[in-house]
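Read the single chain below, which is given as structure tokens and is the form predicted alone.
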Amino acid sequence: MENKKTTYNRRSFLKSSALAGGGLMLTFNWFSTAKAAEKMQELNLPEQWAELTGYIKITPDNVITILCPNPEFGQNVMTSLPMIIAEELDADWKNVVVEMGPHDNVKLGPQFTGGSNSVRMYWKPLREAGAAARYMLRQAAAQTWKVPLEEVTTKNGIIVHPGTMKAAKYGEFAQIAATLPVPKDLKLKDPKEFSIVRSSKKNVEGQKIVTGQPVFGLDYRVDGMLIAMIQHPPAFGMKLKSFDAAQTLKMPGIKEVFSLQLYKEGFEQGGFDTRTFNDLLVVVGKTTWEVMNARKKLKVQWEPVSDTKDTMSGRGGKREVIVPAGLESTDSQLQKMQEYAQKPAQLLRRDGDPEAAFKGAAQVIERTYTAPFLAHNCMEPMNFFAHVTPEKAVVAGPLQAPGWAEPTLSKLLDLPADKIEIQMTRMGGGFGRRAYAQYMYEAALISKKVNAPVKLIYTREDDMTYGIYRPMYTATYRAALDANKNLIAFHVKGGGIPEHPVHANRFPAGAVDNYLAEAWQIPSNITIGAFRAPRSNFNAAAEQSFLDEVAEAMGKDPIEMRLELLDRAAKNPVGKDNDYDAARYAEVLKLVREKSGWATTQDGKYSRGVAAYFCHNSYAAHVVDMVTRDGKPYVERVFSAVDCGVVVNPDAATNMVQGAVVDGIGNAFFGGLTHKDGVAQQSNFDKYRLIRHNEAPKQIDVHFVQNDIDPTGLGEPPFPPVFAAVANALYKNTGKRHYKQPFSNELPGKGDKQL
């Protein structure tokens, strides 16, 4: 057993028998611990969100209710986080009821789902909470039975004293436990003792989902609710000039048509606020179908915008951002990126003397990689409900970061935070898109304007042309080899619109004596946002494709070449800021090599590609096996290896990796969104190509490195290396290296290309 010193006291724990119906209710402020405070700083969370509280309720009839604080969008935190509490509580999982916690940035903190941080941040605090509740229940039994505390044990929600053969369910002592002081020294289980964690549990909301019960934002409705839709400008760089709604107002079911501003002049936006089109033209009616049809009757005039100055706060402090005017096109953007790539750039890292090494190299390999904007395309369209009155605001819908959005909503509505109720529904996909809450703000402002409950709905076309895309990226990689084919220098210079993709301190930084990382970026009025594994999803694709080509030039097996570099980084690293653990990185490569049978490709049936990457505190590697089917390359099977520390729920973790693999293959082959004079050229799935069911691999084998390291991220880390593994397999399949995403543009097959 492990002794764990905590800072818990009666102020950070609250107990109430009344709220638990005569049982025990335990709440805990886990952000009061030093470790949690450190993690807050890593996420740059504002101080006003420093309190985060979780709940355990045990009723006299032995029902254990655990509230999940974090929003759920398919990553299964509503199952995995309660499992962590139940493990240390020694509960019977069959008696555990899980509920989505309410939004409360005092009791439950920012409640942010993103950055692959949910399990990582909650791991120790939730364990400590479960251990505290178990200790108090044992103490209550010991006092009642008049036996030594150390002789009282628990198992599956039963308290036992072997000496007297006395036993009781947790619920029988919950009320007494509620009167006891909270322990300061908690004994946490050794991972080898886990019986709930590391065992697969079914999704606690699975039955609701498959039986069609209302769990998603689109399901939310109240009596008298109206439907709203927004008509936004047809192009980035345009704004509303005037409109005529006469014909629209004659359509059945239409209540109002009006314009309003999202942010007033000089409004200070929060760190995760954004503004694509600030002047909103709104149609409100009784039903979705009526509003969709009526919106088509609008007569609107648009005009170009001027340069706009936005004031942003959070995420590193207050700053001003100039959003340029103009109607941007993909062709001109690509040309501008090529021009910027030739200019001096921002120095991110320099080790040794890379310029001299390149000058004296026997061979220099240089390749440039590009990738387009990507739309998030959550399967549940963007939506939010709002009912705003002068006294109170109730909003409900799918949102990744309610705590980060509430301060902005409070300012927009001129209502104090304690008069705002945010109800969190399950999300039908997020991928970073639902961290940006402007659609919630829009719904609230519309409700306030019409003085009625309103649900705002985006069509697929609205969402795909509204922005918040994965940025457009490019990067040039150079490697210098000496006369003996040794890697002596490495250089990456990356840029993007409107941000660059470079992670300067990641592999192979630390493994090469002479290393240079530079970056540049071009401002744009096309709005971008976090996209599953931000920046890493491109950086891994380019870097790992390039390393494969370098390995070929060195005459080395691509896995062996990477392992040699990682061995150097582990034993004699260059620099002090390397952000990866070389030994853990190497372990996933060794595991995927073993599980895939890398050395035996089954008589040449498969074209094999490999890639590995570190991001969001975890390590992932994939081997992709590709075949030719009907004249086209097809990924038939994939072997994946992941080190994310302790795996809380193995089946759910496997599913998450498999989903990342399919998502990565689809985006690598088909994903891309282009613009012409500011107009998105892909507005629905007829032109924005997604992977199809028959194109998904027949087999995806997932393997986890077994260790007792505290859990790290999993939602994002498996995604980035998929792109490069596909590219490297594609080279073996076609004999051609691919440097531009999506790869389908350079492959045969009429009607299957994306761009």
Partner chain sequence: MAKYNLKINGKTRPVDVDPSTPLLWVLRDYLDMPGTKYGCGVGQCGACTVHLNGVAVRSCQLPASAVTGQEITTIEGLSAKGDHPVQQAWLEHDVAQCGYCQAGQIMSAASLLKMNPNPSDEDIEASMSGNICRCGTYLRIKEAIRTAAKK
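Quantities reported herein were computed from a predicted structural model and do not represent experimental measurements. Residue numbers count along the first chain shown, from 1.
The discussion below concerns the form predicted in complex with the partner chain, not included here.
Within 4.5 Å of any heavy atom of the partner chain in the predicted bound form lies no heavy atom of residue 162. Using a 4.5 angstroms threshold between heavy atoms, residue 290 counts as touching the partner chain in the predicted bound form. In the predicted bound form, the partner chain lies within 4.5 Å of some heavy atom of residue 656. Interface membership of residue 380, defined by any non-hydrogen atom within 4.5 Å of the partner chain in the predicted bound form, is confirmed. Partner contact region in the predicted bound form: 219 to 227, out of 143 to 151, 331 to 339, 364 to 372, 219 to 227, criterion any non-hydrogen atom within 4.5 Å of the partner chain.
The candidate spot formed by 244, 259 and 392 lies out of contact with the partner chain in the predicted bound form, as no residue has a heavy atom within 4.5 Å of it. Interface residue among 577, 190, 461, 185 relative to the partner chain in the predicted bound form, by the heavy atom within 4.5 Å criterion: 461.
Distance criterion of 4.5 Å from any heavy atom to the partner chain in the predicted bound form singles out 429 from the list 324, 453, 573, 429. If you take 129 to 154 and check each residue for a heavy atom within 4.5 Å of the partner chain in the predicted bound form, you get nothing at all.
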